[in-house]
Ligand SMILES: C[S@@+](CC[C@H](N)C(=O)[O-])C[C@H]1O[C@@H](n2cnc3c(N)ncnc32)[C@H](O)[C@@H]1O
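In the form predicted on its own, a lone chain appears below as C-alpha cells.
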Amino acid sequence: MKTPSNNYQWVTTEDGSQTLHSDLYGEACHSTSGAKTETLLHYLEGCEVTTRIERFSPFEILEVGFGLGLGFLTTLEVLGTERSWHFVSMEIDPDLVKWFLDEYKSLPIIADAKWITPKLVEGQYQNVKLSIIVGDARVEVAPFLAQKNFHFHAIFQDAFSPKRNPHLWTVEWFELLRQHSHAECILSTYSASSSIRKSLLESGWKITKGHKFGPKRSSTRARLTGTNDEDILTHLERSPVTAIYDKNVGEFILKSKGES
C-alpha cells in the first residue's frame, strides 16, 4: 500500500496488521503489539458493542482519531450492514482521509462516500452510515455534534497519547463527549494515565479498569452510571498529577514514568 504522505511510515505490528507511525506526533496510530487486536479488545469488546447493539437503533459510535480507518473497518467486519449503526469519527489530517477513500473504494459504503463540505465526508450503505469530520477536533466537532443531536452509545477514545496530544484528553473535552452521550454510553481507551482518569472523573464519568494489552498493565473504561473502581480512586488520591484542563495543556507533562 502506498503511504498517505511523507509524514507517515508503515509499521507491521505483532499480529500482522499494519499501522502508521506519525512523524508529527512521534507515535504510531495503534499499539505495535497488534493494531487490529487492540481495536477489537479496547473498542469493540471494551464498549460491549456486539452485546448492546440490538438495544438501540441506530447504535451510535464516536471514534476519537480516525487514522487509517482501522476502527471503522474492524467494526464493519464485526457488525456487518444488516443492523443499524452510525459511525462518526474525526481526523485532523485530510491526507489520511483522502488515502482511505481511495484505498477502500471497492467497499460499497466508501464508493458512495462524498465530501459534503471540505470538513465532512459521509457515506451510507444499507443500514450503516459513516461520517468523518475533517480538521481540528476542538474546532470542528462541537458544532457538528450540536446540529446532529447525537446520543452516543459507544466512544472509542483513540487519540494520540495525552503526552503528545493533550487537547483531546482534557476535562472540557470529556465534558463535551458526555453532553452528547446516551445515559448508557461506554467510553473505552487504551490509556491508564492518572491524569486522564482524573480528567474523566472531574467531567462526570465513572471509571473502571479495562483490559491489559501489550506492555500496558491496564486501560480505562468510563460510564455515566454505576460506581467508580475503588482501587483506582485510592491510587488517584495518592497521585500528585492533576487533571488536564484546556488552560494547562501547554504546560502539561506526564510525570509518571511509562504513562500514556
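The first residue of the sequence shown is number 1, and the count goes up from there. Since we're looking at a predicted model, the values are computed, not measured.
A second form of this protein, the form predicted in complex with the ligand, is not displayed here; the remarks below concern that form.
S.K.: Taking 4.5 angstroms as the cut-off for heavy atoms, does residue 214 touch the ligand in the predicted complex?
M.R.: Residue-level check for residue 214: no, no contact with the ligand.
S.K.: Would you check, heavy atoms only and a 4.5 Å threshold, whether residue 25 touches the ligand in the predicted complex?
M.R.: Yes, residue 25 sits close enough to the ligand in the predicted complex that at least one of its heavy atoms falls within 4.5 Å.
S.K.: So in the predicted complex, does any heavy atom of residue 81 sit within 4.5 Å of the ligand?
M.R.: Contact with the ligand, no.
S.K.: Though only this chain appears here, would residue 135 touch the ligand in the predicted complex if you measure heavy atom gaps against 4.5 Å?
M.R.: Result yes; residue 135 sits at the interface with the ligand in the predicted complex.
S.K.: Please tell me whether the candidate spot formed by 63, 66 and 165 is one where all three residues come within 4.5 Å of the ligand in the predicted complex (heavy atoms).
M.R.: The answer is yes; 63, 66 and 165 each reach the ligand.
S.K.: Determine which one of 106-114, 147-155, 123-131, 90-98 lies within 4.5 Å of the ligand in the predicted complex, judging by heavy atom distances; exactly one does.
M.R.: Selected range: 90-98.
S.K.: Considering 41, 29, 47, 207, which brings a non-hydrogen atom within 4.5 Å of the ligand in the predicted complex?
M.R.: After the contact test, the surviving option is 29.
S.K.: Report the residue, out of 186, 159, 171, 177, that has at least one non-hydrogen atom within 4.5 angstroms of the ligand in the predicted complex.
M.R.: Flagged contact: 159.
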